[in-house]
Every structure is written in structure tokens, then in C-alpha cells.
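What follows is one chain in C-alpha cells, specifically the form predicted on its own.
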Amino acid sequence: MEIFVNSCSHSHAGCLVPLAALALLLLNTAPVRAANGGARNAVLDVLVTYQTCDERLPWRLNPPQNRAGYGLVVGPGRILTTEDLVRQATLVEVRRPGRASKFTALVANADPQLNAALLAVRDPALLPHLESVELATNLDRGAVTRIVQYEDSGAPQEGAGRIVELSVEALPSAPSAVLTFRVLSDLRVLNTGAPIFIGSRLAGLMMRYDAQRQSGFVLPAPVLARFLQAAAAPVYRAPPYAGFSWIALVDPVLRRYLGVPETGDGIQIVQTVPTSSAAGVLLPNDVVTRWDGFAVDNQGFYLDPDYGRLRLNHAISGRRHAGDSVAVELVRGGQPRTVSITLKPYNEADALTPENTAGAPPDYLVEGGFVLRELTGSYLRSGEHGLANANPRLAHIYLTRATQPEHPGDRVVILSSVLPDPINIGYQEFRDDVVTAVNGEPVRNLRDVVRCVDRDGGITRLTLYSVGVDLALDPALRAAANARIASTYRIPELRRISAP
């Protein structure tokens, strides 16, 4: 199994709070501490109205929808919640459980790669009633927890739980993996963001609950604390990211070939990502034996001083900051050596198939009824059954090479669909296919497609990966067909190309 080591994030906002206004808010309101271990006034209902783009017809917006979850007061006017709750929000409101009054909240920071978000509330009618909680500083397997949620009437529901697993797991809609814990409890948690306490301190926020297994998947306090620390800075600094893929190294024959003992530590480097921290420093077939002083076993685990045996991802993104330099001990060509890697934050724009979790509408081009765009994670999950029902070729690209372009700027251009029109008769069944060339010229991204279209006055030939012949259009019919298609399908603009 090939593993990609990655820790990456964005800072985006549904409604971004000006830093000066947020600083003024924090200075002018005195914090109140929760005295009873997660009191009602520390937990708020978070009500979100959001709107997504139609991934198949990207010039359209889907009808507004609603989500509900919880937020925890962590400081004066500051509310901590999960990023997936406020994703693509057009309106965020908070209220005290069981109360009718709602107060507008602004998204100050949101990091989809950590699934954490910070809201700001400025309404003086709410601020005096808020109590802040403190975060737990450490977590232990077997620790007894208390989970809190509220009924519609405002009556609290509490359930006991126990931490049964601490591990590094991949988050939904993110190419990175972060520290999480699993809590066992018979309290059926209905909404995301429900707080889990150890004593009077916040141990984490529930991300999802499996009623069949009676267990919850929790974003832990140490991850939340690092997010809050970064959010308090004038400029949000994303967690570090390494940018290399690796495989376990347990085969004694392969180990001998790579110049290391048949048994022992070490993982095999497969590839590095262009522009990443490891690019040009780590090479394919390097055997990494120690990372930042920690021995790396042959399955990619290390012994963390706080949480025991964990995946290497946590040593990269959970114990270091962007800009830090770490020493890496490795064996290259049978010879031991030590290299230094300066960790960088992840930039989603460098990915082969970006997640687009921030909700920005995708770029597209409609030409002769061909709907062309770049592949993203959100596109693949937009179908009726999500990724499980996606085109297998596109899903394979996403699952195996999402963050690994061969060259900087590479993207996967796809023919999303064909809008039926006399100019494209016979092509209406083509969809979800990779575009490799336009008018005979290879293309690496949608900007290449637009350049070819503008240069040649339209698409005359479209080359698809899975088709042996090109799809041809009559250039003499282009102008009339585009005008007809725009009118018939109510497309306000036949292209949307964001600034580089």
C-alpha cells in the first residue's frame, strides 16, 4: 500500500472578519470561565445556511440548504466548531440551547484540512451570557469522557464515554491525516461539533457518530489548540506539509536490494511532489529510518512521547510548524546520510485534483456544447452515491495521485458532459472523460484549453483519453451554436476563468 504523507490547510471564510475588528472585539470583552465543567452557556447551537455550486453545470447554484451543529465558546466572542459545519456558508447564526433568539456569527478562520473553524460574535446582547471553556492539554487511552448535546427544548443530554483509540486518520475532503480519537458511548450524537469533556476541560469535538458501533470520531483538543494558536496570529499559518509518498518496507529481499538490513526500521520513498518540502531533498528508493529524531519503523509508525505509536504524519504536522527544519536520517544507495528538510505549508493550487472545499465556484468552458472543467474532489463526490458511483478512471486518479502532479500546474481536464445541440449530434453520451488534447495540441490544464480555443477561434477537435478518434466540430457553425446553447440552457457566461 502506498501512503502519501501530507498535512495541508487553507484559511477561508464564509464571512471574513477584519483583523482589526476581531482584535477590538477580543480586547473589549472580558472572558468568563465555565465553572461547572461545560455549562450550558459554553455550548451554542450553530445554525448554517449554505449554498453549493452545481458541479455538473457549474454556472448554476443549487438551492440554499441548512445545517445544524454545536460550537464551544473558547474566548470572548470566539466560538470553536468544525469546518465542515460552516463550509460554503452564506449565513451563520448561533443561539443558546432552547432559546429562540439568534445572533449572527462571522467565520473568522476555517481550515478544511484540520476540519476546524473559529466564529466571531459581536452582539452585546449575547456576549454577557457566554462562558468559555479550557482545552485539555493531553489525552490518554481509556480516559473517561462526558459528551454533551441538547434537545430542541434546551434540555441537556449527557452521556458517559471512554477513549478507546488514539490514531492518525484521514479526514473527509482532505488529503491529509491528523490526530483523532475514537470515543465509545451509547449516547447517540445527532449533530456535528458536540463537545466531549474530560472533567471540566474540552477534550474534542465530535465529527461523526456511528450508532451501530456506538462510537464517535472526534477532533481532539491538541489539534484544536494548534488551530486556535495559528488563528490568533495576524496571518494564519497552515500546518506543515512534507510532500512525499512512501510504502512499507517489510520485504527482506527488497530491503537487501535497497542496502538496508533484512529486518529493521525504515520506509521506502516512492515519489516527491513538485514544489513541496521534500522535492529535491528526498529521492525515490531512499529509505528513511529517522525523522526529526524519531525512529520510523518499517510500517511508517513512530513512538510519540505523548500518544504512543502513531503514523509518521503526526510527527510532521502535529509536532512541528511551517518554517521549521527537521533532520532526516536515510539510506541512499546503501550509504547512510542525513538531510535537512524545511517544512512548508500545503498549497491546494499545487494539487493535481484539488479538493475545492472552500466552495469557490469552479472554472469552466462551454464550447459547442462541450462542458469542460478541471477535476476536483468535490466534483467526484457530487453524484447520487458520491465517490462510490464516480467514473472509475477519475476515481483512481483521485485516490492515487490527487496531490502528485508530474509537473507544477498540471490538472486533469475533463469533458464533464455534452449539452445536446445540432452541432454535436452523436456526442451526447460522452461524459466524465479525460481530455488530453484540443485541436491536436496537448493540454495540461483548463488555461491551456482556453488558450487553444482563443488562438484557433474555437474547438475543432477534442481528444479524449478513452476514445480512439477525436470528437470534431464544424468551426463554421461555432458562433451560432454557442449563442443557441447559451440561450437554450440559460448560461449567463460560456466561460469562467479565475485569475491565476
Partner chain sequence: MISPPHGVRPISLAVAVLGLALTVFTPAAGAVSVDRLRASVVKIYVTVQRYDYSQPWQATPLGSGNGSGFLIGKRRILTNAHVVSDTAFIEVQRDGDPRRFPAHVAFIGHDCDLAIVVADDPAFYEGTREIVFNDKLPRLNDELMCLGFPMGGVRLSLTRGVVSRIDNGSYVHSGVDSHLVVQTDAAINPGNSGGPVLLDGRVVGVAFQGLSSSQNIGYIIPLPVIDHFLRDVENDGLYNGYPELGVVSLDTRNPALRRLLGLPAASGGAVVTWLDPFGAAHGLLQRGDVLLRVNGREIARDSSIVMDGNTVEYTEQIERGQWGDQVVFDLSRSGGVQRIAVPLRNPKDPFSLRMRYDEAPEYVIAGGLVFTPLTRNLLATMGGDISKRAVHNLFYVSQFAKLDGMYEGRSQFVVLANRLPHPVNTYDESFRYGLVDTVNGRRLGALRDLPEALAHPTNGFHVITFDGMENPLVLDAGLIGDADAQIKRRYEIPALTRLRKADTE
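Positions refer to the first chain, counted from 1. We call the rigid core the largest set of C-alpha positions that still match within 1.5 Å between the two forms. Because the structure is predicted, anything quoted here is derived from the model rather than measured.
The form predicted together with its partner chain exists for this protein as well; it is not shown, and the discussion that follows is about that form.
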Exercise. Which of these stretches, 249 to 257, 176 to 184, 82 to 90, 345 to 353, has heavy atoms within 4.5 Å of its partner chain in the predicted bound form?
Worked result: 249 to 257
Exercise. Does the 4.5 Å heavy atom contact test between residue 456 and its partner chain in the predicted bound form come out positive?
Worked result: no
Exercise. Do residue 474 and its partner chain come within 4.5 Å of each other in the predicted bound form, heavy atoms counted?
Worked result: yes
Exercise. Given that the partner is absent here, does residue 264 sit within 4.5 Å of its partner chain in the predicted bound form, heavy atoms only?
Worked result: no
For this session: Would you check, heavy atoms only and a 4.5 Å threshold, whether residue 423 touches its partner chain in the predicted bound form?
Result: yes
Problem set entry | its partner chain: the contacting residue among 392, 199, 409, 124 in the predicted bound form [heavy atom, 4.5 Å] | 392
For this session: Scan 327, 388, 155, 303 and let me know which has any heavy atom within 4.5 Å of its partner chain in the predicted bound form.
Result: 388
Exercise. Which residues in 81 to 105 have a heavy atom within 4.5 Å of its partner chain in the predicted bound form?
Worked result: none
Exercise. Core-aligned, does residue 135 move its Cα 2 Å or more between the shown form and the other one?
Worked result: no
Problem set entry | Threshold 2 Å Cα movement between the shown form and the other one for residue 280, core superposed | no
For this session: Please say whether, between the shown form and the other one, the C-alpha of residue 68 moves by 2 Å or more once the core is aligned.
Result: no
